[in-house]
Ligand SMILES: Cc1cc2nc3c(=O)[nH]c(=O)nc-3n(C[C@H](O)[C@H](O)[C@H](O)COP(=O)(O)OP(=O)(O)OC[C@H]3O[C@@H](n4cnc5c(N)ncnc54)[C@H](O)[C@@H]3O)c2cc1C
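Only one chain is given next, in C-alpha coordinates, and it is the form predicted on its own.
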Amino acid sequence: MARIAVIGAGMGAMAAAARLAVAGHRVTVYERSETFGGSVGRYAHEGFAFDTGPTLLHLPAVYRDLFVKTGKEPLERCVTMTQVDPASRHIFADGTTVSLPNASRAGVVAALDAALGGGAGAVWGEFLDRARDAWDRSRRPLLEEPLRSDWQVLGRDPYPALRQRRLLRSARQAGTVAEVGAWELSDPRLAALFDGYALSYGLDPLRAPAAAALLPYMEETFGSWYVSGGIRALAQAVYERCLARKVEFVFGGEVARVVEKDGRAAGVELLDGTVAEAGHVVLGARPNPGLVPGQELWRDGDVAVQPGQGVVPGRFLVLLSLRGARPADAVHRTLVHPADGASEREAVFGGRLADRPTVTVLRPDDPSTRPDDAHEAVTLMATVAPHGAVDWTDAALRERCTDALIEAASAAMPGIRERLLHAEVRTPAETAADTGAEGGSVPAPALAGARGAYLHPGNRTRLPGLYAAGGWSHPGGGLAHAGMSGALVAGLIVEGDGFRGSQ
(Lines give C-alpha, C1' and ligand atoms only; values in the text may rest on other atoms or scores of the structure.)
Protein backbone atom coordinates (compact mmCIF):
# COMPACT_ATOMS: atom_id res chain seq x y z
CA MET A 1 0.00 0.00 0.00
CA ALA A 2 1.44 3.37 -1.05
CA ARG A 3 0.68 6.93 -0.12
CA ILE A 4 -0.61 8.85 -3.12
CA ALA A 5 -0.99 12.62 -3.38
CA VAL A 6 -3.51 13.95 -5.90
CA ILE A 7 -3.27 17.59 -6.99
CA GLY A 8 -6.74 19.00 -7.66
CA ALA A 9 -10.27 17.72 -7.04
CA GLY A 10 -11.59 17.84 -10.58
CA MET A 11 -13.55 14.96 -12.08
CA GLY A 12 -10.53 13.17 -13.57
CA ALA A 13 -8.55 13.53 -10.35
CA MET A 14 -11.40 12.21 -8.19
CA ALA A 15 -12.00 9.33 -10.61
CA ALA A 16 -8.35 8.33 -10.19
CA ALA A 17 -8.47 8.81 -6.41
CA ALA A 18 -11.50 6.55 -5.91
CA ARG A 19 -10.02 3.76 -8.04
CA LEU A 20 -6.64 3.98 -6.31
CA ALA A 21 -8.24 3.88 -2.87
CA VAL A 22 -10.16 0.73 -3.80
CA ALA A 23 -6.84 -0.81 -4.84
CA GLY A 24 -5.61 -0.33 -1.26
CA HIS A 25 -3.64 2.91 -1.50
CA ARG A 26 -3.84 5.78 0.99
CA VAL A 27 -4.95 8.73 -1.12
CA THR A 28 -5.00 12.40 -0.18
CA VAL A 29 -6.40 15.06 -2.55
CA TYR A 30 -5.03 18.60 -2.30
CA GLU A 31 -7.40 21.20 -3.77
CA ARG A 32 -6.57 24.93 -4.04
CA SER A 33 -10.22 26.01 -3.71
CA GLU A 34 -12.70 25.26 -0.96
CA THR A 35 -14.73 22.68 -2.88
CA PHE A 36 -14.52 19.74 -5.26
CA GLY A 37 -15.47 19.35 -8.90
CA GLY A 38 -13.05 21.64 -10.72
CA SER A 39 -14.98 23.20 -13.61
CA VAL A 40 -18.17 21.40 -12.54
CA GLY A 41 -19.57 24.26 -10.48
CA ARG A 42 -22.96 25.51 -9.33
CA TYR A 43 -24.33 29.01 -8.85
CA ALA A 44 -27.41 29.70 -6.69
CA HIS A 45 -29.40 32.92 -6.34
CA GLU A 46 -32.71 33.41 -4.52
CA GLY A 47 -34.01 29.92 -5.19
CA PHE A 48 -32.55 29.63 -8.70
CA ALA A 49 -29.63 27.28 -9.42
CA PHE A 50 -27.40 26.82 -12.45
CA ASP A 51 -24.52 24.61 -13.59
CA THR A 52 -21.47 26.74 -14.39
CA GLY A 53 -19.58 24.04 -16.25
CA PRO A 54 -20.74 21.04 -18.28
CA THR A 55 -24.52 20.68 -18.41
CA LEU A 56 -25.08 17.29 -20.06
CA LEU A 57 -23.40 13.91 -19.79
CA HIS A 58 -22.39 11.95 -22.88
CA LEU A 59 -20.94 8.43 -22.71
CA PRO A 60 -22.43 7.71 -19.26
CA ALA A 61 -20.78 4.27 -19.41
CA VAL A 62 -17.56 5.93 -18.20
CA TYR A 63 -19.13 6.86 -14.85
CA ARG A 64 -21.17 3.67 -14.64
CA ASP A 65 -17.87 1.78 -14.83
CA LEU A 66 -16.33 4.03 -12.15
CA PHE A 67 -19.16 3.30 -9.73
CA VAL A 68 -19.16 -0.44 -10.49
CA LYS A 69 -15.41 -0.65 -9.88
CA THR A 70 -15.42 1.40 -6.65
CA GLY A 71 -18.42 0.17 -4.67
CA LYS A 72 -21.66 -1.75 -4.42
CA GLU A 73 -23.98 1.12 -5.32
CA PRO A 74 -24.27 1.66 -9.09
CA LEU A 75 -24.36 5.12 -10.59
CA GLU A 76 -28.14 5.12 -11.05
CA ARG A 77 -28.61 4.57 -7.33
CA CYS A 78 -26.52 7.63 -6.55
CA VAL A 79 -27.91 10.06 -9.13
CA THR A 80 -31.03 10.24 -11.28
CA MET A 81 -30.28 10.46 -15.00
CA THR A 82 -32.74 11.00 -17.82
CA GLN A 83 -32.22 11.12 -21.55
CA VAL A 84 -32.89 14.55 -23.00
CA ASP A 85 -35.40 14.19 -25.85
CA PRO A 86 -35.14 15.86 -28.24
CA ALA A 87 -31.40 15.94 -27.77
CA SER A 88 -31.22 19.37 -29.34
CA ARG A 89 -33.15 21.90 -31.38
CA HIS A 90 -31.38 23.98 -34.01
CA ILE A 91 -32.48 27.37 -35.31
CA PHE A 92 -30.62 28.40 -38.46
CA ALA A 93 -30.11 31.90 -39.79
CA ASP A 94 -32.75 31.44 -42.53
CA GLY A 95 -35.38 30.64 -39.88
CA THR A 96 -35.35 26.88 -40.46
CA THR A 97 -35.83 24.90 -37.25
CA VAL A 98 -35.15 21.21 -36.63
CA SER A 99 -35.37 19.11 -33.47
CA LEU A 100 -33.08 16.07 -33.35
CA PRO A 101 -34.28 13.09 -31.29
CA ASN A 102 -31.97 11.54 -28.73
CA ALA A 103 -29.89 8.51 -29.72
CA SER A 104 -31.99 7.65 -32.76
CA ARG A 105 -30.20 7.57 -36.10
CA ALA A 106 -33.41 6.92 -38.01
CA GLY A 107 -35.17 9.70 -36.10
CA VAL A 108 -32.41 12.21 -36.86
CA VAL A 109 -32.45 11.31 -40.55
CA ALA A 110 -36.24 11.70 -40.71
CA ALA A 111 -36.16 15.01 -38.82
CA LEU A 112 -33.51 16.50 -41.11
CA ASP A 113 -35.35 15.32 -44.23
CA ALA A 114 -38.59 16.87 -43.00
CA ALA A 115 -37.02 20.20 -41.99
CA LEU A 116 -34.34 20.73 -44.62
CA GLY A 117 -35.55 18.59 -47.54
CA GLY A 118 -33.39 17.58 -50.46
CA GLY A 119 -32.26 14.30 -48.92
CA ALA A 120 -30.45 16.16 -46.12
CA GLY A 121 -31.15 13.33 -43.67
CA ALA A 122 -29.52 10.76 -45.91
CA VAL A 123 -26.47 13.01 -46.39
CA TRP A 124 -26.09 13.40 -42.62
CA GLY A 125 -26.67 9.69 -42.06
CA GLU A 126 -23.90 8.79 -44.54
CA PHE A 127 -21.62 11.28 -42.80
CA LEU A 128 -22.29 9.55 -39.46
CA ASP A 129 -21.53 6.19 -41.09
CA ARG A 130 -18.09 7.51 -41.97
CA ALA A 131 -17.79 8.93 -38.46
CA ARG A 132 -18.56 5.45 -37.10
CA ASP A 133 -15.67 4.07 -39.16
CA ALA A 134 -13.40 6.72 -37.63
CA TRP A 135 -14.68 5.74 -34.17
CA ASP A 136 -13.96 2.06 -34.76
CA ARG A 137 -10.47 2.81 -36.04
CA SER A 138 -9.38 5.14 -33.27
CA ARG A 139 -11.49 4.40 -30.18
CA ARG A 140 -9.05 2.20 -28.25
CA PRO A 141 -5.75 4.06 -28.80
CA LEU A 142 -7.45 7.46 -28.59
CA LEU A 143 -9.68 6.91 -25.54
CA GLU A 144 -9.21 3.59 -23.79
CA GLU A 145 -5.44 3.09 -23.71
CA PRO A 146 -2.55 5.12 -22.32
CA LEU A 147 -0.98 7.26 -25.00
CA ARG A 148 1.42 5.03 -26.88
CA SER A 149 5.11 5.81 -27.30
CA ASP A 150 4.48 5.62 -31.04
CA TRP A 151 1.66 8.16 -30.72
CA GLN A 152 2.46 9.34 -34.24
CA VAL A 153 0.10 6.64 -35.56
CA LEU A 154 -2.70 8.85 -34.24
CA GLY A 155 -1.42 11.67 -36.41
CA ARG A 156 -3.21 10.06 -39.35
CA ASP A 157 -6.83 11.12 -39.64
CA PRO A 158 -9.13 8.08 -39.23
CA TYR A 159 -12.08 9.80 -40.91
CA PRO A 160 -12.61 8.19 -44.38
CA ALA A 161 -13.27 11.42 -46.27
CA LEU A 162 -14.84 11.16 -49.70
CA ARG A 163 -12.61 11.86 -52.67
CA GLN A 164 -13.66 15.07 -54.35
CA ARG A 165 -13.03 15.90 -57.99
CA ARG A 166 -12.12 19.56 -58.13
CA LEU A 167 -12.16 21.42 -61.45
CA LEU A 168 -8.72 21.27 -63.14
CA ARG A 169 -7.27 19.67 -60.02
CA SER A 170 -6.53 16.15 -58.90
CA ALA A 171 -8.95 14.44 -56.51
CA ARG A 172 -8.80 15.75 -52.93
CA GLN A 173 -10.21 14.70 -49.57
CA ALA A 174 -11.60 16.89 -46.83
CA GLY A 175 -9.06 17.30 -44.04
CA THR A 176 -10.85 19.71 -41.69
CA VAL A 177 -14.30 20.21 -40.21
CA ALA A 178 -14.93 23.15 -42.55
CA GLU A 179 -13.90 21.14 -45.60
CA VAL A 180 -16.18 18.25 -44.63
CA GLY A 181 -19.02 20.75 -44.36
CA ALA A 182 -18.30 22.37 -47.71
CA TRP A 183 -17.43 19.25 -49.72
CA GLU A 184 -19.50 16.45 -48.20
CA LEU A 185 -22.53 17.89 -46.42
CA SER A 186 -23.69 20.07 -49.35
CA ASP A 187 -26.41 21.94 -47.42
CA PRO A 188 -24.94 24.96 -45.55
CA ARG A 189 -27.26 24.22 -42.64
CA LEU A 190 -25.74 20.76 -42.24
CA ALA A 191 -22.32 22.37 -42.40
CA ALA A 192 -23.41 24.81 -39.68
CA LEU A 193 -24.62 21.85 -37.62
CA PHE A 194 -21.19 20.19 -37.79
CA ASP A 195 -19.42 23.50 -37.18
CA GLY A 196 -21.61 23.99 -34.10
CA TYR A 197 -20.52 20.66 -32.62
CA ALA A 198 -16.85 21.56 -33.12
CA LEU A 199 -17.21 25.09 -31.76
CA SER A 200 -19.10 23.90 -28.68
CA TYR A 201 -16.02 21.85 -27.78
CA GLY A 202 -13.74 24.85 -28.38
CA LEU A 203 -12.43 23.65 -31.76
CA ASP A 204 -11.82 25.88 -34.77
CA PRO A 205 -13.66 24.32 -37.73
CA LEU A 206 -11.09 25.78 -40.12
CA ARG A 207 -8.26 23.89 -38.43
CA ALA A 208 -9.74 20.97 -36.48
CA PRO A 209 -9.26 17.64 -38.30
CA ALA A 210 -12.11 15.83 -39.99
CA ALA A 211 -11.87 13.28 -37.17
CA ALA A 212 -13.92 15.74 -35.11
CA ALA A 213 -16.81 13.82 -36.71
CA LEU A 214 -16.45 11.57 -33.64
CA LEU A 215 -18.08 14.31 -31.53
CA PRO A 216 -21.54 14.32 -33.18
CA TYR A 217 -21.23 10.55 -33.61
CA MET A 218 -20.75 10.01 -29.86
CA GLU A 219 -23.61 12.34 -28.93
CA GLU A 220 -26.05 10.92 -31.45
CA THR A 221 -25.09 7.29 -30.75
CA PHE A 222 -24.77 7.20 -26.96
CA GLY A 223 -27.23 9.98 -26.20
CA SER A 224 -27.37 13.12 -24.10
CA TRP A 225 -28.21 12.67 -20.42
CA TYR A 226 -29.31 15.18 -17.80
CA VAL A 227 -28.53 14.58 -14.14
CA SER A 228 -31.25 15.74 -11.76
CA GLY A 229 -29.85 18.59 -9.70
CA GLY A 230 -27.42 19.35 -12.53
CA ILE A 231 -24.01 17.93 -13.32
CA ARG A 232 -22.90 19.24 -9.94
CA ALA A 233 -24.92 16.35 -8.47
CA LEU A 234 -22.68 13.94 -10.41
CA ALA A 235 -19.60 15.63 -8.96
CA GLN A 236 -21.15 15.33 -5.49
CA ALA A 237 -21.73 11.61 -6.04
CA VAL A 238 -18.12 11.04 -7.15
CA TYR A 239 -16.86 13.04 -4.16
CA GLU A 240 -19.00 10.98 -1.78
CA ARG A 241 -17.73 7.77 -3.38
CA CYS A 242 -14.19 8.98 -2.69
CA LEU A 243 -15.06 9.66 0.94
CA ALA A 244 -16.64 6.22 1.24
CA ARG A 245 -13.38 4.73 0.00
CA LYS A 246 -11.46 6.70 2.69
CA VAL A 247 -9.93 9.27 0.35
CA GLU A 248 -8.88 12.35 2.33
CA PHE A 249 -9.40 15.88 1.01
CA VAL A 250 -7.43 18.99 1.95
CA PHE A 251 -9.33 22.03 0.69
CA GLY A 252 -7.53 25.36 0.51
CA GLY A 253 -4.40 23.28 0.07
CA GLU A 254 -2.69 24.73 -2.99
CA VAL A 255 0.36 22.78 -4.12
CA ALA A 256 3.42 24.92 -4.80
CA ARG A 257 5.61 22.18 -6.21
CA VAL A 258 6.09 18.46 -6.58
CA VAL A 259 8.86 17.16 -4.35
CA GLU A 260 11.52 15.19 -6.19
CA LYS A 261 13.86 12.72 -4.52
CA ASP A 262 16.32 10.33 -6.14
CA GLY A 263 14.99 11.15 -9.58
CA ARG A 264 11.30 10.48 -8.91
CA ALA A 265 8.23 12.19 -7.47
CA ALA A 266 8.25 11.83 -3.69
CA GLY A 267 5.41 14.08 -2.51
CA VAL A 268 4.09 17.63 -2.66
CA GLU A 269 4.89 20.92 -0.96
CA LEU A 270 2.00 23.29 -0.21
CA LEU A 271 2.14 27.08 -0.39
CA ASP A 272 2.40 27.25 3.42
CA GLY A 273 5.55 25.12 3.28
CA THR A 274 3.94 21.89 4.47
CA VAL A 275 5.48 18.85 2.81
CA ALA A 276 3.48 15.65 2.34
CA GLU A 277 5.45 12.59 1.31
CA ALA A 278 3.98 10.23 -1.27
CA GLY A 279 5.02 7.23 -3.32
CA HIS A 280 3.13 8.56 -6.35
CA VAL A 281 1.72 11.95 -7.31
CA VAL A 282 -1.24 12.49 -9.61
CA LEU A 283 -1.49 15.89 -11.28
CA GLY A 284 -5.19 16.58 -11.83
CA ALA A 285 -4.81 20.18 -13.01
CA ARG A 286 -3.09 22.09 -15.78
CA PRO A 287 0.59 22.20 -14.76
CA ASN A 288 1.94 25.60 -13.75
CA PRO A 289 5.50 26.62 -14.58
CA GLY A 290 7.79 25.60 -11.77
CA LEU A 291 5.53 22.85 -10.46
CA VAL A 292 8.44 20.46 -10.90
CA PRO A 293 11.57 22.60 -10.66
CA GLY A 294 14.10 21.84 -13.39
CA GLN A 295 11.89 19.22 -15.02
CA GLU A 296 10.04 19.18 -18.33
CA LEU A 297 6.99 17.02 -17.76
CA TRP A 298 6.58 16.45 -21.47
CA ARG A 299 8.67 17.38 -24.49
CA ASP A 300 7.76 18.06 -28.07
CA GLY A 301 9.12 14.66 -29.01
CA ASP A 302 6.56 13.00 -26.75
CA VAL A 303 3.45 14.64 -28.15
CA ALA A 304 2.27 18.07 -29.20
CA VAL A 305 2.20 19.77 -25.81
CA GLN A 306 0.41 22.86 -27.14
CA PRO A 307 -3.03 22.45 -28.71
CA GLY A 308 -2.86 22.61 -32.50
CA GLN A 309 -5.30 25.47 -32.79
CA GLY A 310 -3.20 27.90 -30.75
CA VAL A 311 -5.98 29.79 -28.93
CA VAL A 312 -7.90 27.63 -26.45
CA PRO A 313 -11.31 29.30 -25.94
CA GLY A 314 -13.42 29.60 -22.83
CA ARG A 315 -17.14 29.91 -22.15
CA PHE A 316 -19.35 32.96 -21.61
CA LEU A 317 -22.44 32.20 -19.54
CA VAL A 318 -25.51 34.28 -18.81
CA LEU A 319 -27.55 32.73 -15.99
CA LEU A 320 -31.12 34.00 -16.22
CA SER A 321 -33.67 34.01 -13.40
CA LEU A 322 -37.03 34.39 -15.14
CA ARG A 323 -40.59 34.97 -14.03
CA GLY A 324 -43.18 32.73 -15.66
CA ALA A 325 -43.46 28.94 -15.84
CA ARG A 326 -41.42 26.79 -18.20
CA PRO A 327 -43.75 25.77 -21.05
CA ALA A 328 -44.55 22.07 -21.27
CA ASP A 329 -43.21 21.92 -24.84
CA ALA A 330 -39.91 23.69 -24.07
CA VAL A 331 -36.79 21.99 -25.39
CA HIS A 332 -33.91 21.35 -22.99
CA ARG A 333 -31.15 22.47 -25.40
CA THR A 334 -31.48 24.82 -28.38
CA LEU A 335 -28.64 26.09 -30.56
CA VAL A 336 -29.16 29.37 -32.38
CA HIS A 337 -26.78 29.51 -35.36
CA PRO A 338 -25.59 32.86 -36.77
CA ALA A 339 -25.72 33.81 -40.44
CA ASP A 340 -21.95 34.37 -40.62
CA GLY A 341 -20.17 31.51 -38.95
CA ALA A 342 -16.87 32.53 -40.54
CA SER A 343 -16.89 35.87 -38.72
CA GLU A 344 -17.60 34.14 -35.43
CA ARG A 345 -14.69 31.73 -35.92
CA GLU A 346 -12.34 34.59 -36.81
CA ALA A 347 -13.35 36.46 -33.66
CA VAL A 348 -13.15 33.54 -31.22
CA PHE A 349 -9.78 32.29 -32.45
CA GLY A 350 -8.47 35.75 -33.25
CA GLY A 351 -8.97 37.09 -29.74
CA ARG A 352 -12.03 39.27 -30.35
CA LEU A 353 -15.69 39.38 -29.42
CA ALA A 354 -18.05 37.99 -32.06
CA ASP A 355 -20.95 40.27 -32.94
CA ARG A 356 -23.31 37.32 -33.46
CA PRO A 357 -22.14 34.18 -31.66
CA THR A 358 -23.59 30.69 -31.76
CA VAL A 359 -25.70 30.57 -28.60
CA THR A 360 -26.80 27.49 -26.70
CA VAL A 361 -30.03 27.96 -24.72
CA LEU A 362 -30.48 25.51 -21.83
CA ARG A 363 -33.90 25.10 -20.20
CA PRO A 364 -33.79 22.11 -17.81
CA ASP A 365 -37.12 20.76 -16.57
CA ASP A 366 -35.82 20.35 -13.03
CA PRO A 367 -37.65 21.70 -9.94
CA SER A 368 -34.34 22.00 -8.10
CA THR A 369 -33.24 24.79 -10.46
CA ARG A 370 -36.09 27.21 -9.62
CA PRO A 371 -37.90 28.48 -6.52
CA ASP A 372 -41.29 27.23 -7.75
CA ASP A 373 -43.17 26.32 -10.93
CA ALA A 374 -44.01 29.98 -11.59
CA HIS A 375 -40.37 30.67 -12.45
CA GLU A 376 -37.70 29.27 -14.77
CA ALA A 377 -33.90 29.06 -14.71
CA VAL A 378 -32.28 29.41 -18.15
CA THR A 379 -28.60 29.33 -19.11
CA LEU A 380 -27.20 30.98 -22.24
CA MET A 381 -23.77 29.82 -23.35
CA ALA A 382 -21.30 30.81 -26.07
CA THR A 383 -17.72 29.85 -26.91
CA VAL A 384 -15.49 32.91 -26.66
CA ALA A 385 -11.83 33.94 -26.72
CA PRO A 386 -9.98 33.35 -23.44
CA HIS A 387 -9.26 35.97 -20.83
CA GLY A 388 -6.07 37.76 -21.80
CA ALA A 389 -6.87 37.69 -25.49
CA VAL A 390 -10.01 39.58 -24.44
CA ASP A 391 -10.26 41.57 -21.22
CA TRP A 392 -13.28 39.90 -19.65
CA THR A 393 -13.10 42.21 -16.64
CA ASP A 394 -14.20 45.11 -18.89
CA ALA A 395 -17.75 45.94 -17.79
CA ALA A 396 -18.78 47.40 -21.15
CA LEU A 397 -17.52 44.32 -23.00
CA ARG A 398 -19.34 41.98 -20.62
CA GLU A 399 -22.55 43.95 -21.11
CA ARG A 400 -22.18 43.91 -24.88
CA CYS A 401 -21.65 40.15 -24.95
CA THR A 402 -24.55 39.58 -22.56
CA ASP A 403 -26.84 41.60 -24.81
CA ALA A 404 -25.70 39.63 -27.88
CA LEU A 405 -26.52 36.32 -26.18
CA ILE A 406 -29.94 37.47 -24.99
CA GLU A 407 -30.74 38.86 -28.44
CA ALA A 408 -29.85 35.54 -30.10
CA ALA A 409 -31.80 33.60 -27.47
CA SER A 410 -34.90 35.60 -28.33
CA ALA A 411 -35.20 33.48 -31.47
CA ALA A 412 -35.70 30.45 -29.22
CA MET A 413 -37.56 32.22 -26.40
CA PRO A 414 -39.59 35.22 -27.65
CA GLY A 415 -40.24 37.74 -24.89
CA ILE A 416 -37.29 36.61 -22.80
CA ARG A 417 -36.31 40.18 -21.86
CA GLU A 418 -39.76 40.90 -20.41
CA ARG A 419 -39.46 37.88 -18.10
CA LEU A 420 -36.04 38.78 -16.72
CA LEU A 421 -35.65 39.07 -12.94
CA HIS A 422 -31.88 38.69 -12.62
CA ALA A 423 -28.90 37.93 -14.87
CA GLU A 424 -25.61 36.58 -13.56
CA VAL A 425 -22.67 36.72 -15.97
CA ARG A 426 -19.71 34.35 -15.85
CA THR A 427 -16.80 34.80 -18.23
CA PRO A 428 -13.41 33.13 -18.75
CA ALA A 429 -12.08 35.57 -16.13
CA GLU A 430 -14.29 33.91 -13.49
CA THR A 431 -13.36 30.47 -14.79
CA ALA A 432 -9.67 31.31 -14.42
CA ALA A 433 -10.21 32.55 -10.87
CA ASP A 434 -12.26 29.51 -9.85
CA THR A 435 -10.26 26.72 -11.49
CA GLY A 436 -6.79 28.14 -12.03
CA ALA A 437 -6.97 27.37 -15.75
CA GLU A 438 -4.93 29.99 -17.61
CA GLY A 439 -7.23 32.41 -19.40
CA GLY A 440 -10.27 30.43 -18.27
CA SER A 441 -9.65 28.11 -21.21
CA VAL A 442 -11.61 24.86 -21.45
CA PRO A 443 -9.68 21.89 -22.91
CA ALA A 444 -11.14 20.09 -25.91
CA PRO A 445 -11.30 16.29 -26.29
CA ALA A 446 -8.33 14.64 -27.97
CA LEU A 447 -8.64 14.03 -31.71
CA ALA A 448 -6.62 11.89 -34.07
CA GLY A 449 -5.29 13.42 -37.27
CA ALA A 450 -3.51 16.75 -37.95
CA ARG A 451 -0.15 15.03 -37.23
CA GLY A 452 -1.06 14.70 -33.57
CA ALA A 453 -1.63 18.42 -32.99
CA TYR A 454 -4.96 17.73 -31.25
CA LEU A 455 -3.66 15.07 -28.89
CA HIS A 456 -2.94 15.85 -25.25
CA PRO A 457 0.16 15.01 -23.19
CA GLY A 458 0.27 11.43 -21.97
CA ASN A 459 -0.74 10.25 -18.49
CA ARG A 460 2.86 9.29 -17.79
CA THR A 461 5.28 12.16 -17.37
CA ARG A 462 9.04 12.25 -17.69
CA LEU A 463 9.37 12.29 -13.90
CA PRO A 464 8.89 8.72 -12.60
CA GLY A 465 6.08 8.52 -10.08
CA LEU A 466 4.26 11.59 -11.45
CA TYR A 467 1.11 11.01 -13.53
CA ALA A 468 -1.42 13.36 -15.13
CA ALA A 469 -5.21 13.06 -15.11
CA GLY A 470 -8.00 15.38 -16.19
CA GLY A 471 -8.85 17.46 -19.22
CA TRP A 472 -5.35 18.81 -19.87
CA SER A 473 -3.91 15.32 -20.33
CA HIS A 474 -4.75 12.28 -22.47
CA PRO A 475 -7.51 11.82 -23.68
CA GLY A 476 -8.49 15.48 -23.22
CA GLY A 477 -11.40 17.58 -22.04
CA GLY A 478 -15.04 16.81 -21.36
CA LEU A 479 -16.73 14.86 -18.57
CA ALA A 480 -16.38 11.45 -20.19
CA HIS A 481 -12.79 12.01 -21.25
CA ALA A 482 -11.82 13.22 -17.78
CA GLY A 483 -13.29 10.06 -16.28
CA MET A 484 -11.33 7.98 -18.77
CA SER A 485 -8.09 9.74 -17.82
CA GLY A 486 -8.68 8.86 -14.17
CA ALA A 487 -9.14 5.20 -15.06
CA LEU A 488 -5.94 5.20 -17.14
CA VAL A 489 -3.84 6.78 -14.38
CA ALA A 490 -5.17 4.34 -11.78
CA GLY A 491 -4.37 1.45 -14.11
CA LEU A 492 -0.82 2.67 -14.71
CA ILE A 493 -0.15 3.02 -10.97
CA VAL A 494 -1.77 -0.24 -9.92
CA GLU A 495 -0.60 -2.45 -12.79
CA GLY A 496 2.54 -0.62 -13.85
CA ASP A 497 3.85 0.07 -17.31
CA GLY A 498 2.36 -3.18 -18.56
CA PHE A 499 -1.13 -1.69 -18.26
CA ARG A 500 -2.78 -1.50 -21.67
CA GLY A 501 -6.17 -0.01 -20.83
CA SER A 502 -9.67 -1.35 -20.41
CA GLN A 503 -10.62 -4.57 -22.13
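Here the structure is a predicted model, which is why all the values come from computation and not from measurement. Throughout, we count residues from 1 along the sequence that is shown.
The protein also exists as the form predicted in complex with this ligand; that form is not presented, and the subsequent description refers to it.
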With this ligand left out here, work out from 26 to 34, 65 to 73, 42 to 50, 451 to 459 which stretch has heavy atoms within 4.5 Å of it in the predicted complex. 26 to 34
Is it the case that residue 9, even though its partner is missing from this view, gets within 4.5 Å of this ligand in the predicted complex, heavy atoms only? yes
Heavy atom of residue 479 within 4.5 Å of this ligand in the predicted complex: yes
How about residue 90: is it within 4.5 Å of this ligand in the predicted complex, going by heavy atoms? no
State yes or no: in the predicted complex, is some non-hydrogen atom of residue 484 no more than 4.5 angstroms from a non-hydrogen atom of this ligand? no
Can you pick out, from 280, 241, 337, 315, the residue that has a heavy atom within 4.5 Å of this ligand in the predicted complex? 315
Pick from 141, 229, 175, 253: which residue has any heavy atom within 4.5 angstroms of this ligand in the predicted complex? 253
Any residue of 409 to 432 that, in the predicted complex, places a heavy atom within 4.5 Å of this ligand: 431
